[in-house]
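Consider the single chain below, provided in structure tokens and representing the form predicted on its own.
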């Protein structure tokens, strides 16, 4: 049993890490909040040293009243939802497949997990130039082989293309988590159900899927946190065109292209609010599985 002295010593040892972590989060957040209420246009001579003009909630009003704001929120939610759907469904199927005793199981698992370690910019460039190029891409050659007209993926099916690219990168993560969970399933339950005459589908829906519910919840929560800030894949492929401009990319355009730091900071606050709303929604809907 921990004594008062040991608990005090533990708090003392944890204090530097906690202070560093809080500083790492609170300093940028505080600066973002501060700049969101200021008029900060560096190209027009504004600087922190000379003081900035206080504009109150003008930046917030301008950002949310922009014609690009709500479409960017919609694009963000569609991309996140599409990626989650694909990675969870295929992740479950791949986890079940990889759990089967097959020849070269370790090598197969390594190849399945490998895309997660590829940088987003690199994977996006591979998909853009090697696979989705309407002239020299592999998909274009396949379309011509079957007598069809090649598709300009990044312009005609831009949102679907982004979902496909991001799903390819995050599918190994979901598969790894779900494979670890499925390996902890008691095989005697499946054997007993099989002896009782349960079909493979019945065993999946009544035994395997309930066992994976907590792992699926973890996958959804972790992926959502990272997917809400998706940027590199869009920057490399479509540049925010054709309906793929997410909220993160809109903030980037306001800060870099327009050089309006105050407006971009207000957008950053909106992004934080959106992330918290989505997180609270997920925790209330699917996070209950973690308490079971």
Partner chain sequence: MGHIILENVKKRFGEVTVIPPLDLEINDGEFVVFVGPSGCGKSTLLRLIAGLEDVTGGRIIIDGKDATSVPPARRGLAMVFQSYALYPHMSVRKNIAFPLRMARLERAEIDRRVKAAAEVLNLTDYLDRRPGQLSGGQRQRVAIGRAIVREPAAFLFDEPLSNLDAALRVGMRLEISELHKRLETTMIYVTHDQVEAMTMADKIVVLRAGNIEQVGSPLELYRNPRNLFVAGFIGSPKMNLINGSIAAQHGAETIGIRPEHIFASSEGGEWHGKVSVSEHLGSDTFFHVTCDGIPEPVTVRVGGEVDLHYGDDIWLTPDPNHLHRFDTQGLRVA
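None of the values given here were measured: they were computed from a predicted structure. Residue numbers count along the first chain shown, from 1.
Below, we refer to the form predicted in complex with the partner chain, which is not included among the displayed structures.
Listed residues 210, 81, 134, 115 were compared with the partner chain in the predicted bound form; 210 is the one with a heavy atom within 4.5 Å.
Of the candidates 192, 108, 77, 142, 192 is the one whose heavy atoms come within 4.5 Å of the partner chain in the predicted bound form; the others do not. Annotated contact segment (heavy atom within 4.5 Å of the partner chain in the predicted bound form): 192-200, selected among 192-200, 156-164, 124-132, 91-99.
In the predicted bound form, 186, 188 are the residues of 166-188 with at least one heavy atom within 4.5 Å of the partner chain, listed from first to last.
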